[in-house]
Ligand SMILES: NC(=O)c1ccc[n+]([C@@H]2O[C@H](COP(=O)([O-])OP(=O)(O)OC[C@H]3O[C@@H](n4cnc5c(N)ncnc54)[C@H](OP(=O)(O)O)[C@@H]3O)[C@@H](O)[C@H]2O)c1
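In structure tokens, one chain follows: the form predicted on its own.
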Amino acid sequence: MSTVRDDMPTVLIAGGSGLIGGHLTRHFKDRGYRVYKLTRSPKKHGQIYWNPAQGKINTSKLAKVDILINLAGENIGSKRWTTERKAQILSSRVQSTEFLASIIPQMTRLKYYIGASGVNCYDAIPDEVFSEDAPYGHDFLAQVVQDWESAHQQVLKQVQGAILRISMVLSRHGGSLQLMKQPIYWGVGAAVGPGTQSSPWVHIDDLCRLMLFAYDQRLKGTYNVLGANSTNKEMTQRLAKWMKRPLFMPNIPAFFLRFLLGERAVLVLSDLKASNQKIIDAGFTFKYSSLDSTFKSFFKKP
């Protein structure tokens, strides 16, 4: 069991109640860091009330914070993208980040900021690999990222930090992988669309290690966060192999996914490759850079 040490930094996580936040909390606590989380419904020790839409926050712990990590934002894939939902996705990121920027002066010990962003900020052009200096794309997600990163800059004018453009996060406990596992388990798994479309992805452990690395190295700037790019067919086949389940269904047609999911079908049909060379050049080493090593960590018994 990890023990909080008084000589170690204090971390405040906005959006810490989700999949990444829970995993990241364990990584920090294993180091002896004290971790607080911002939430609209505080129920446990270490949870701090905030409501960025109303401009409210419990300020009692702010002066103790050394590291601020901003993961706040509505889940982009959980609901159909109606006009109202799109507004929620955007405002939950931009409004909360602008609110954090406004309270930075109260964090008198703050040394470092990590702002989460999305790697799906580029135009999806087959066979092109996007680095961080590529321009923003033109679809809804690209616009969200552009506005979100603009809000992050309001924080970064006041404290040193980095923006991490996070790709699809693979975890044994939920997220995208859980959605893929269910049909495979029941024998109806299949690649979607042509199956040749690529998606960047990252193992959740590597993501959390990278956030610690960013703080340790005091990284500045914007970084793509991915262990590799894999096609939908590759991911489906390797996952079925590790689950020991057969795959015999034909690909799910793109038109059916667009009918079922609406505009958010772009999350699985977009063909995007991104480069992780910048973060590698900064000295970070991905432990999981293949699907087999990733799935082995999830399915192989100790």
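When you see a residue number, it is the position in the sequence shown, counting from 1. Quantities reported herein were computed from a predicted structural model and do not represent experimental measurements.
We do not show the form predicted in complex with the named molecule, though everything after this point is about it.
4.5 Å heavy atom contact, Ile163 and the named molecule in the predicted bound form: Taking the distances in the predicted bound form, the answer for Ile163 is no, it never comes within 4.5 Å of the named molecule.
Contact test in the predicted bound form: Thr10 vs the named molecule, heavy atoms, 4.5 Å: Looking in the predicted bound form, residue contacts with the named molecule do not include Thr10, since no heavy atom lies within 4.5 Å.
Interface membership of Thr82, the named molecule in the predicted bound form, 4.5 Å heavy atom rule: No - in the predicted bound form, heavy atoms of Thr82 and the named molecule never come within 4.5 Å of each other.
Partner contact for Trp148 in the predicted bound form: the named molecule, 4.5 angstroms, heavy atom: Contact with the named molecule, yes.
Candidate stretches 44-52, 254-262, 233-241, 60-68 - the one whose heavy atoms come within 4.5 Å of the named molecule in the predicted bound form: The contacting stretch here is 44-52.
Answer option from Glu132, Asp139, Asp205, Glu74, heavy atom within 4.5 Å of the named molecule in the predicted bound form: Result of the distance check: Glu74.
Listed residue (Ala191, Ile103, Leu212, Met168) with a non-hydrogen atom within 4.5 angstroms of the named molecule in the predicted bound form: None of the other options qualify; the answer is Met168.
Residues from 81-107 in contact with the named molecule (non-hydrogen atom within 4.5 Å) in the predicted bound form: The stretch 81-107, when checked against the named molecule in the predicted bound form, contributes Ser92, Arg93, Ser96 at the 4.5 Å heavy-atom cut-off.
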